Structure formats: structure tokens, C-alpha cells
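Here you get one chain, nothing else, as C-alpha cells; it is the form predicted alone.
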């Protein structure tokens, strides 16, 4: 197959007008002319990757059947998302064991968020299921089905369990944590450099104790960012971008099953969620995930930061691929032919290869 005269945006090689020949992989690229303008009706990006998503359009990771997960994949494809990590909530091991992922050549991998989190920074997680990290998790959920796990840094046995995860090929992300700045410094030096939905559900920045939020800005942590303008103010998103740069940011949705649906009553795990005026909250007013779609997150980040298209390709795909060991996020010979074609307003026109 051939795509002719499109504005190609690659996170490494930059943006240019070119023609691509591909089948399952990119076989060749003819680079015709470099361009600085972002105005084009055919802008070709590497397909997006969302490593943190609980649900969409009535589908919830905790309740989904294998058929539901395939529908989940179809919904994500409409957003330009090629790979995503269905994300759990804090629950018992027995409940987590009930999740049945489909067998797919490219594979589904879970993002296990909880139960090894901080009660003080639990957000919209059920506190009664929170426990310290234990290897017993893997008696219920096979390590091969987990791609990413979020846990609080301050648990006494964090390092022991995190090492087990790393040895099993599971990426560790620090989140829902009340860790101190010094604990975060220790983690960074040990190589645990990923933060879940920064700066939400973390010990806050203070001028005498900088907390996990301060550490996230001070050290070169790679951070997930929910770019809906609600979880993080647009100005704070711009601040994160100015301080850390596009290389250290990964866009996520953290969306729940209500995403794409109307206001009403939904569930997040076994917690009641009420959506009013497009905002999802628990009964006590706690924000309960987002209703964000990935393509909107891309447009929002571009609007809030005025970043370049090349930087946008980094935060929407390339950085996450690097962080999670996925070969993707590039428009380059030898890479998977997974693309999203956008118009000049960054609306999805077409997905290619998935």
C-alpha cells in the first residue's frame, strides 16, 4: 500500500511532506520536502497509545468479557489508539483473577492500579481493599498478562515487590502515593522513574516539603498526564510542559465506562459514580476518572501548550512506547505500519493498519 504526499510527523525525524510504502511494516519512505506549517488536511501521526484507561462507552475493564474487550479495542481505534492497557481499580485478588483478556497477536496487557496504594491518596478507589504489596498477587493474575502496575512508594516492602515486577517484565509506576520528597529521590536513583497521572493523588508541593509532586518536577521522572483541563488546570499543564519538556510526558485518558455516553449513574469497580455536566464524581465529590477521549487529549495538549506537532507525536505515542518497551510510535522504515490521519484541526480522519 502507498500513502502519497502527506504531512508526515515523526518524533525523531521531524515533519515533512512524503510518500510511504507499507504492508504490515513500513517498507520505504520518500521524503519530498521539509515544512514548518501545521496547516494540512492530511497529517500523518504514529498511532496513539493509551496506557491508562478504565473504560469507554459502557465497557469497564473490571466487568468486561473477552468480546467486550474486542469492542473496547474498536472504540479506541476510532480515537486513533492502536495500543491501550485496560486498567483495573483496587479490588481483591479474587476479583482481579476474574478478568479474562482475549488472545490477540499484539496482545492485551493490564495496567493494575491498586490495591497497593496509599489510603490517604486513594482518590476514587475503595479503601477497604488496599493492602501492602505482596507476591501473592501473581497466584491470581499471571505476570504475563500485566504490563504496568501502579503502587505507592512509601510501603515498607516497595523495593522488594518492585524488583519482582521488574524481573517479571512488568513496568512499575509510582502513584496514589503520599511519599516524601526524599523517598521520591531514593526511588528515582533506584530507577523507578515513572509517575501515574501526575500530579493527581500525590503528596503535594510545599516550599518546605516538596512532596512527590515537587519531586516529579525536580527530577527527570516520566509522567502520565490527564489533559482534560479538569484533573489538571490548563496553566499547570503548560507549566509541566515548560519544566519537563515533551520528552518526559505521556498522555493518558484515565477514562471510565461513562466516556462517550450521557450524564447518569455508573460504576467504577464497586463504587457508585455520578456524571453531571460531563464530570464524573463519587457521592463524596471525589473526581472519579475522566470522560476524556484520547483524540481530545491530543487536541487539548496542543491547545494548552502550543507545542509543535513533533512534540505532540512524542507525548501521544513515542514516549509511551519507549517507556513500556513497545516497538511503535515512529514513522520510520521497519516500524509497524500503524498510523492515524488527522485534519488541520487534529480531528481523526482515518486510522490505518489497525
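As the structure is a computational prediction, the values presented were derived from the model and not from experiment. Positions refer to the first chain, counted from 1.
Beyond the structure shown, there is the form predicted in complex with another copy of the chain, which is absent from this document and is the topic of what follows.
Visitor: Could you tell me which one of 265, 189, 207, 128 places a heavy atom within 4.5 Å of another copy of the chain in the predicted bound form?
Guide: Looking at the other structure, the residue within range turns out to be 207.
Visitor: Counting any non-hydrogen atom inside 4.5 Å, which residue from 62, 324, 287, 43 sits next to another copy of the chain in the predicted bound form?
Guide: Partner contact (heavy atom, 4.5 Å) among the options: 287.
Visitor: From the candidate stretches 198-206, 75-83, 253-261, 165-173, select the single one in contact with another copy of the chain in the predicted bound form, where contact means a heavy atom within 4.5 Å.
Guide: Correct option: 198-206.
Visitor: Any chance 31, 34 and 39 all have a heavy atom within 4.5 Å of another copy of the chain in the predicted bound form?
Guide: Not a single listed residue reaches another copy of the chain in the predicted bound form, so no.
Visitor: Consider residue 242 of the chain shown here, and say whether it contacts another copy of the chain in the predicted bound form, taking contact as heavy atoms within 4.5 Å.
Guide: Heavy-atom contact with another copy of the chain at 4.5 Å: present for residue 242.
Visitor: Determine whether any heavy atom of residue 138 comes within 4.5 Å of a heavy atom of another copy of the chain in the predicted bound form, and answer yes or no.
Guide: Heavy-atom contact with another copy of the chain at 4.5 Å: absent for residue 138.
Visitor: Is there a heavy atom of residue 235 no more than 4.5 Å from a heavy atom of another copy of the chain in the predicted bound form?
Guide: Residue-level check for residue 235: yes, a contact with another copy of the chain.
Visitor: Given that the partner is absent here, does residue 282 sit within 4.5 Å of another copy of the chain in the predicted bound form, heavy atoms only?
Guide: Contact with another copy of the chain, no.
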